[in-house]
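Below you'll find only one chain, the form predicted alone, shown as structure tokens.
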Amino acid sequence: MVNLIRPALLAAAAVLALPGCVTAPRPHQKPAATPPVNTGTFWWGTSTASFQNEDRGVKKGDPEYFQTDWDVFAAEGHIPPRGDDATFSWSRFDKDVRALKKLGVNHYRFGVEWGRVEPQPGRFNEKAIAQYVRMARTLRANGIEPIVTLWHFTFPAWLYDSQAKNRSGFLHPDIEPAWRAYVTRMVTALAPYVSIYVPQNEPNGALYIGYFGGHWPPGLLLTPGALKQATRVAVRMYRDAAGIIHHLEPDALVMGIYSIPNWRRNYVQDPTGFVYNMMQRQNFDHLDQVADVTDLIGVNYYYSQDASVLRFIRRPEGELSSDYTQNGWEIDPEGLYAVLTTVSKRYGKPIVISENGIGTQSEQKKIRYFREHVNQMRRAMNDGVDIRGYFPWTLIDNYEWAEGYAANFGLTHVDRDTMELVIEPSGQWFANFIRENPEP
């Protein structure tokens, strides 16, 4: 999931902006009819991200040693360092599989670390690629369908330039041919065991935070031109990946995954609609341009929020009441219903709730969160929204991006003595729930 633009940055943007200079997204022209998408039984699953979970696996000085742009960004002092161990999901993936079987999920989404498989430009690590293939094969052998995310926020460090951040990540001059080569290599290798791919995880939020908010790599601050150009490049990359996937695996499914909060219009605090329109554009600008090559839309929903400068500046910190999470996010199950119906009407595509979760130290609060959000999913389904799956975020308590190890989202945690995953009460609740409800 992504957090939002830093409050002070959004406030500065709003002060500098002329009223009306950010317009609402145009209505999306969804196709009159779309081919049916066969996804089989309902997808009960969970997800992880490579950078949040994989240990490094190689020592500095090894020819296969790699870093990501996030590692460099942390070394520059912008965000907390992740460390080299994470949750040992690279060297001890078997423990993750055992936990997934205990949970009883039938789908699992994990990411490929581009920097790991291509530590230097044009030099691929065949051992790392083979291990990702083994991971997918192992999941299938255990009755769990793998979903592979090809980009989950991180680029290889060689696509990051500390001295020229406006030539980093999506703005690097070599990014597009390198991306096509990487996607082709990975899809070719994974094809025997993977039939569902996510080209980019939450590109909408990552673009705004990294290329305008300055909070994530590459750290560009109040640069609307860079944001616009990075978005154009990200859209082209997504479309290229979808084309490669459908060419190499004609029956494979492409799922676009987007962070979509439920933004509420506040006419008193945001009279021109500047902030509200900006947030609506964050939700939909990228997806509008790739929906036609996307088979399923993944909705990552966590919270509702008033779209206003004041609400960003005075954001709650921590679990101040039962209405907020550790991150200061407002808990609003009905917001999920609002988002699902909006996405369904806008695109007319099957939907997967690809992330839904809460950072909290209270397992009872977490269980209540899941139960109430599943009820809103059922409500949306009863009202005609085509929902194919539900994935609580996340399998394991882990590194929470720019917040570091600061929020407990996991259905499990790592026991550092036994190196096994311990099922949390929320994980046991989820296991019991899906056993009793194979269809929602």
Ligand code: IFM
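Keep in mind that what you see is a predicted model, and the values were worked out from it rather than measured. Quick note: we count residues from 1 along the sequence shown, nothing fancier.
The next section is about a form of this same protein that is not shown, the form predicted together with the ligand.
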Let me test this: is every residue among 52, 329 and 401 within 4.5 Å of the ligand in the model of the complex, going by heavy atom positions? yes
Quick one: which of 169 to 177, 231 to 239, 127 to 135, 151 to 159 gets within 4.5 Å of the ligand in the model of the complex, going by heavy atoms? 151 to 159
So the ligand isn't shown here. In the model of the complex, which residue out of 344, 300, 87, 200 has a non-hydrogen atom within 4.5 Å of it? 300
Name the single residue among 118, 355, 270, 295 that comes within 4.5 Å of the ligand in the model of the complex, judging by heavy atoms. 355
Classify residue 409 as contacting or not contacting the ligand in the model of the complex by the rule of any non-hydrogen atom within 4.5 angstroms, answering yes or no. yes
Partner proximity in the model of the complex: residue 393 to the ligand, non-hydrogen atom cutoff 4.5 Å: yes
